[in-house]
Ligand code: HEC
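Coming up is one lone chain in structure tokens, specifically the form predicted on its own.
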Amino acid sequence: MATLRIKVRPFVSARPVWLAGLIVLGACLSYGQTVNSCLDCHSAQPGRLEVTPEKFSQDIHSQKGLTCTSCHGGDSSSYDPDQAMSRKAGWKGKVDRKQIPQLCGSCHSNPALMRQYNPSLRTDQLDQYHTSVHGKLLAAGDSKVAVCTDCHSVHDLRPPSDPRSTVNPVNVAKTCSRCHSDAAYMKQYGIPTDQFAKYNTSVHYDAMVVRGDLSAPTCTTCHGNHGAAPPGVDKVQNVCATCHAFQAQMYAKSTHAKAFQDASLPGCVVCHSNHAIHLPSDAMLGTGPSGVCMRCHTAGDHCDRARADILDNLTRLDASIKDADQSLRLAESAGMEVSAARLSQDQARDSLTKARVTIHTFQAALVNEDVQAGMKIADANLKAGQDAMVERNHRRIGLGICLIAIAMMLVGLWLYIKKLESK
């Protein structure tokens, strides 16, 4: 700011120049432009101190009419550093990291104030933050933990609906990874730093980023965002159940639910992992590398036999559905009408899907009920395809006989004509 001091003070002693400055300033104001000495100065600053009008214009606060002084205080209408950065004008300067949550909360925790800008925005974020691991560590003096600006950015904050926002659902995992994937930064906390790498291999990442499903889980879906934890969050199955409700109902009927009542035994995670959740398959019930049951159970015990029974039933239904599909496709390609059977195949597939969900009860009898319902439909559709092919064959034989009869009649007619011509 020393260069500004040199430029400003001659204005006081040089009356004509000062008047010219007023004229220029008046002209600017007449065109609806607002003086902002903060941006004029910081546009030319290096590195993190640089804040251009273009950058700040993208900020949701700027778009709502707030200015630099709303957070930093001071007088942005003056180019005199002594006045622009006057403590009497409320100048705060650079806000200490420890004070950032309280500063943001001074507006965002005021319902009457926030109602003027966004009535739908919650105003309990600061209270939530105080309940979080980040908030508790900050209150204990750890300034390395995340504060509002680490996640939301500083001078170019965008609403979560903006794809460029650091807290847009697609970008949340990457935002969290800036700290949580930095092994050196996280060393003192003794927690893993491979969460982001594992999440990138998960079915959740594929749904969110690859297929663009914004309802798919990301970090904040399971861990919360500002901090307040939902009831029962100490048990991972309760977190998973917020989306996978039907699986949770099935799981509640299982012996595993009782065995994993202790929070130290993370139910769903035992089989599905946490961050690297891959698409489940029937192979998880097998004894190969993808199998999960035998990590805990002993070969030949009651649970192992139930596992084998469930896997066998699922395999039979899956094979029956594929056989019926193949039979119906063959009949359809032959021109036979099998649309009703093709449509009912969806019901067979639904039964297979339901059976795979019912696996979470770990009760072979319940799984078999769904399997048998699907087998009944698949077998009927297989027969429909086979019957259609039998009918096609009958039609072909009948058509062949008709063609032969017509040919014989034509030959006979030709011979008769030749006989008449010879006379």
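Quick caveat: nothing in here was measured; it's all calculated off a predicted structure. Numbers follow the displayed sequence, beginning with 1.
The form predicted in complex with heme C (HEC) is left out here; the points below concern that form.
Colleague: Give a yes or no for Q326: in the predicted bound form, does one of its heavy atoms lie within 4.5 Å of a heavy atom belonging to heme C (HEC)?
Modeller: The answer is no: Q326 has no heavy atom within 4.5 Å of heme C (HEC).
Colleague: In the predicted bound form, is there a heavy atom of heme C (HEC) that lies within 4.5 Å of any heavy atom of D75, even though the partner is absent here?
Modeller: Heavy-atom contact with heme C (HEC) at 4.5 Å: present for D75.
Colleague: Taking heavy atoms and a 4.5 Å cut-off, does T69 contact heme C (HEC) in the predicted bound form?
Modeller: So T69 counts as contacting heme C (HEC).
Colleague: If we define contact as a non-hydrogen atom of the residue within 4.5 angstroms of the partner, is A216 a contact of heme C (HEC) in the predicted bound form?
Modeller: It does: once heme C (HEC) is placed as it appears in the predicted bound form, A216 has a heavy atom within 4.5 Å of it.
Colleague: Would you point out which of 343-351, 330-338, 317-325, 176-184 contains residues with a non-hydrogen atom within 4.5 Å of heme C (HEC) in the predicted bound form?
Modeller: Looking at the partner contacts, the answer comes out as 176-184.
Colleague: By the heavy atom within 4.5 Å rule, which residue out of T131, T201, N274, T287 makes contact with heme C (HEC) in the predicted bound form?
Modeller: Spelling it out, the residue with a heavy atom inside the cut-off is N274.
Colleague: Only one of Q372, Q45, Q58, Q386 comes within 4.5 Å of heme C (HEC) in the predicted bound form by heavy atoms, so just point that one out.
Modeller: Contact with heme C (HEC) in the predicted bound form is made by Q45 alone.
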